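The data below hold one chain only, encoded as structure tokens and taken in the form predicted alone.
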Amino acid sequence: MTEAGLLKPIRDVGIVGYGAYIPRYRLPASEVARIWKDPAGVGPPGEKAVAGLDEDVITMSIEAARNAMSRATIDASSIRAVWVGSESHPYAVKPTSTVVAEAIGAVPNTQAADWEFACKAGTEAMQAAIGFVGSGMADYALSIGMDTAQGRPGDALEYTAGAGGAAFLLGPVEESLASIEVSYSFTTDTPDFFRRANEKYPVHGERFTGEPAYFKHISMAAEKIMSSTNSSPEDFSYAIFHQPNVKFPQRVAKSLGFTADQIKDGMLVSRIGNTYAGSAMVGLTAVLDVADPGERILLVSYGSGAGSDAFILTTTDQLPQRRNLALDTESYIKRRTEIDYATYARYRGKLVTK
């Protein structure tokens, strides 16, 4: 760690493979409004992705991991860690990560663990993977952020809580599609969003949600990493911020000095909903799908409870050739089947029959 508090490994690390997965089912926000909020059924614009009956965090993580492996072009037996961050692991005790590791062929010589830090569980796993690879303990470590749609029936979360996520394989910078220059984490104890044990749905901290939660943590993390590296918004081609809704990332980007053009490629929440642990990570996959070599990217996640992870990345010459080895994020978004609220309620187990 540098004297400025930034996280910088001894060995340079980069993203050697990445992949997203977004389920095909879409619930329009107007359909939620029709049932709960707005008798006219108008509601806010947009829609959210919904996992199907045969999908959960495990199956979606496997799909994203396979996409990352396709772009990395390495043997899965070389991976020394498989880490899955999520708010909606299928089991309370059985790890998600062991199933994913088995499915992609990374077992048995690997470390596996599930991560939890609300919406930044995925980037928390990325931070650990940077340390794992950067210390020389491993050549490759896989970090995944994945979630299914959550939200109490009739709650505001039903408009924006989507399903999906992303996987990033961290490895030697020489093989990378994007090098990770430096990272930084900003953390406090802020009770803005939580779910107690045995509770089915999360609870909002209401007045804490914007300030001092989301805006404070993202702003402080972004300002710290930029000031410590003598960077300014003009030095970045892209900026990606956690997206609990459409307005929050737009507001924080403007307050930090970023333009609408710099954030538009990573702004997916209005098209698939907030994927919780994978929100900022999915935005990064979309940016890597279109970025040119040599472009700098600022990524800042946010997790309730609360904390933000910030990363500065630079794309490499290997990106254009290898990103076409797996399905891009835009293709997942366009692959859609619209459903009504009754189908959504059945898919998400909101109708209890026993």
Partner chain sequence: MEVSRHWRLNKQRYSLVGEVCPHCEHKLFPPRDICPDCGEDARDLFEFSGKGSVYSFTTVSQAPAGFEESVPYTVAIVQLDEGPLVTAQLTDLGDKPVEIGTPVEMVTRKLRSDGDQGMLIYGYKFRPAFAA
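Everything quoted here is computed from the prediction, not taken from an experiment. Residue numbers count along the first chain shown, from 1.
One more form of this protein should be noted, the form predicted together with its partner chain, which is absent from this view; the next part is about it.
Figure note: of the listed segments 299-307, 26-34, 281-289, 323-331, the one touching its partner chain in the predicted complex, with heavy atoms no more than 4.5 Å away, is 323-331. Among heavy atoms of residue 138, none comes within 4.5 Å of its partner chain in the predicted complex. Contact between residue 54 and its partner chain in the predicted complex is found at the 4.5 Å heavy atom cutoff. Shown alone here, residue 346 lies within 4.5 Å of its partner chain in the predicted complex, counting heavy atoms only. With a 4.5 Å cutoff on heavy atoms, residue 335 counts as touching its partner chain in the predicted complex. By the 4.5 Å heavy atom rule, the three marked residues 62, 90 and 103 all count as contacting its partner chain in the predicted complex. Of the residues 157, 99, 173, 81, just one reaches its partner chain in the predicted complex with a heavy atom at 4.5 Å or closer; this is 99. Among the residues 319, 69, 312, 58, the one placing a heavy atom within 4.5 Å of its partner chain in the predicted complex is 58. With contact defined as any non-hydrogen atom lying within 4.5 angstroms of its partner chain in the predicted complex, the stretch 68-86 contains no contacting residue.
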